[in-house]
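Below you'll find only one chain, the form predicted alone, shown as structure tokens.
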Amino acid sequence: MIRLHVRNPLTAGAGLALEPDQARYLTSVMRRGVGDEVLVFNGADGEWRARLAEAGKRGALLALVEQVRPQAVGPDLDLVIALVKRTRLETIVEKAAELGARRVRLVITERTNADHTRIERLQAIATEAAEQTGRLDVPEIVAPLKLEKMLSTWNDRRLLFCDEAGDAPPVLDALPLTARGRGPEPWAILIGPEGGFSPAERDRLRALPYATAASLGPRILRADTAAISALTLWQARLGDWA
């Protein structure tokens, strides 16, 4: 069944006017008509079954029928990724949403070869991925910050620093074991640019008390492959795959 992320509160019997793009998608692209049902979620009120009550040139109106799943969120996991080329960054955001990241935070390093991106485009990709994968929330896309500025305002979140220097332990050896049924503390995974971290950045990261350096294997990975691999391994060890 089609799933749509909406911004409105969701309560039984309420009417829900779709945004123009969603109305066009539902009625013109997917050819749904009055009486057809969809699933909607807003990241706060769970997932609801809704029926298309009105469809026309002026838009579309849904009638909420019943809640089918209560609200739930996955582990508190951030992906921190250095800006890379547009197509690869879009892939990273899509896969981060599919793999359960709660946020994607963009960072600018000394060797970053891209200096801007379209946050609204990346947020739309994250929303579409959330709709397709069945999750009940949408990852937040956080605007780029320079690495040093980000680290200077860091909180107590643990940081898995994917270090390609070759002298860090494998990810599964570096990550702690968590008792089954007990959620992990907040974590972030940091992936550098295609050119890697500078020696000064690597030394800075390794000196942080909350950072854990880890290797993703003997081969140099592109940023999108590294991000997918690290998220998968973290989920298998500490996340909702464990």
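Numbering starts at 1 and follows the sequence shown. These numbers come from a predicted model, not from an experiment.
Keep in mind that the form predicted together with another copy of the chain is missing from the display, and what follows is about it.
Novice: For the three residues Glu19, Leu39 and Arg102, which mark the spot I'm curious about, does each lie within 4.5 Å of another copy of the chain in the predicted complex through at least one heavy atom?
Specialist: Looking in the predicted complex, the three residues Glu19, Leu39 and Arg102 all stay beyond 4.5 Å of another copy of the chain (heavy atoms).
Novice: Counting non-hydrogen atoms within 4.5 angstroms of another copy of the chain in the predicted complex, say which of Leu216, Leu205, Leu61, Ala174 makes the cut.
Specialist: Comparing distances to another copy of the chain in the predicted complex, the residue within 4.5 Å is Leu216.
Novice: Although another copy of the chain is absent from this view, report whether Leu233 comes within 4.5 Å of it in the predicted complex, heavy atoms only.
Specialist: Yes, Leu233 sits close enough to another copy of the chain in the predicted complex that at least one of its heavy atoms falls within 4.5 Å.
Novice: Does the 4.5 Å heavy atom contact test between Arg24 and another copy of the chain in the predicted complex come out positive?
Specialist: Judged by the heavy-atom cut-off of 4.5 Å, Arg24 is well away from another copy of the chain in the predicted complex.
Novice: Heavy atom to heavy atom, is Ile220 within 4.5 Å of another copy of the chain in the predicted complex?
Specialist: It does: once another copy of the chain is placed as it appears in the predicted complex, Ile220 has a heavy atom within 4.5 Å of it.
Novice: Verify the contact flag for Arg88: yes if a non-hydrogen atom of it lies within 4.5 Å of a non-hydrogen atom of another copy of the chain in the predicted complex, no if not.
Specialist: Close contact exists here: in the predicted complex, Arg88 approaches another copy of the chain to within 4.5 Å, heavy atoms only.
Novice: Exactly one stretch in 94 to 102, 139 to 147, 155 to 163, 116 to 124 has heavy atoms within 4.5 Å of another copy of the chain in the predicted complex; which is it?
Specialist: That would be 94 to 102.
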